[in-house]
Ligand code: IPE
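The chain below stands alone and is given in structure tokens; this is the form predicted alone.
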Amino acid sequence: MLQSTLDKDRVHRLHVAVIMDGNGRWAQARGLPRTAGHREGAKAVRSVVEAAPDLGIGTLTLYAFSADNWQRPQPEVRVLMELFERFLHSERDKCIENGVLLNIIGRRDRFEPRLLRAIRRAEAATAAGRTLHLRIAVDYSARQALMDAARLYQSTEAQNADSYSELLNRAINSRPAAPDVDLLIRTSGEQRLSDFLLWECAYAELIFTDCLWPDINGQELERAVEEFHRRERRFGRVVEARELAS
């Protein structure tokens, strides 16, 4: 794994979320079909996952396929689902070996039975992982998740932000529950959230990079984490000078 150059005293278990954008543009710039970009993007996932623990990342959430992505051309959707299933099979043993707990978040009622079985097997096989909680968002919509959690919330006794967050994690099949996002990264130069982790990103630091997802690697992730640590996070407070000096 990548050995981080960050000051180890400043590193803690971050939740980093990534909108993996630019696969299609990467391929088109090279005269290749969009599906070639998706295949190359799958390789970038491995690089980022391998780098994450040494950068102080405890939870990594990757936005792979939104609920709206079903509207894409069916051949492209089919390739994406095939790549996803292949990833579950090929990376399962590596996840076990490296202590990575793999978790697929989002809806599950629109997957083919074979893919659903692959998800369940991969999650069960990696359940003991403690080095990194890797969440891959597939058929995910933050708005849908917020509505689903709101329905569950109506029947609960403890009605507060913490209990709602727990219900939101349950609504998207996050096992275990994940903390709020510390750092959100979006590749390819686009600057929008695209219906991703809207509640969880309330106080997240945002980084938008022009780098297309297939070109992302551990070094790019490290630069983003270093930028995160340079920022002053106030959470609505006024930070006193003595706090900044400490």
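Quick note: we count residues from 1 along the sequence shown, nothing fancier. Keep in mind it's a predicted model, so treat the numbers as computed, not measured.
In what follows, reference is made to the form predicted together with this ligand, a form of this protein that is not presented.
Practice item. Pick the stretch from 174 to 182, 199 to 207, 215 to 223, 56 to 64 whose residues have a heavy atom within 4.5 Å of this ligand in the model of the complex. Key: Looking at the partner contacts, the answer comes out as 56 to 64.
Check your understanding: Would this ligand be touched by all three of L102, R117 and R121 in the model of the complex, meaning a heavy atom each within 4.5 Å?
Key -> No, the whole trio is out of contact, none within 4.5 Å by any heavy atom.
Practice item. With heavy atoms only and a cut-off of 4.5 Å, decide whether R30 touches this ligand in the model of the complex. Key: No.
Point to revise | Contact test in the model of the complex: L80 vs this ligand, heavy atoms, 4.5 Å | key: Answer yes; at least one heavy atom of L80 falls within 4.5 Å of this ligand in the model of the complex.
Exercise for review: Report whether the minimum heavy atom distance between R192 and this ligand in the model of the complex is within 4.5 Å.
Suggested key: Contact check for R192: yes, within 4.5 Å of this ligand in the model of the complex.
Check your understanding: Does any heavy atom of R39 come within 4.5 Å of a heavy atom of this ligand in the model of the complex?
Key -> The answer is no: R39 has no heavy atom within 4.5 Å of this ligand.
Exercise for review: Output the sequence-ordered list of residues from 13 to 27 with at least one heavy atom within 4.5 Å of this ligand in the model of the complex.
Suggested key: Read in sequence order, the residues that approach this ligand (within 4.5 Å, in the model of the complex) are I19, M20, D21, G22, N23, G24, R25.
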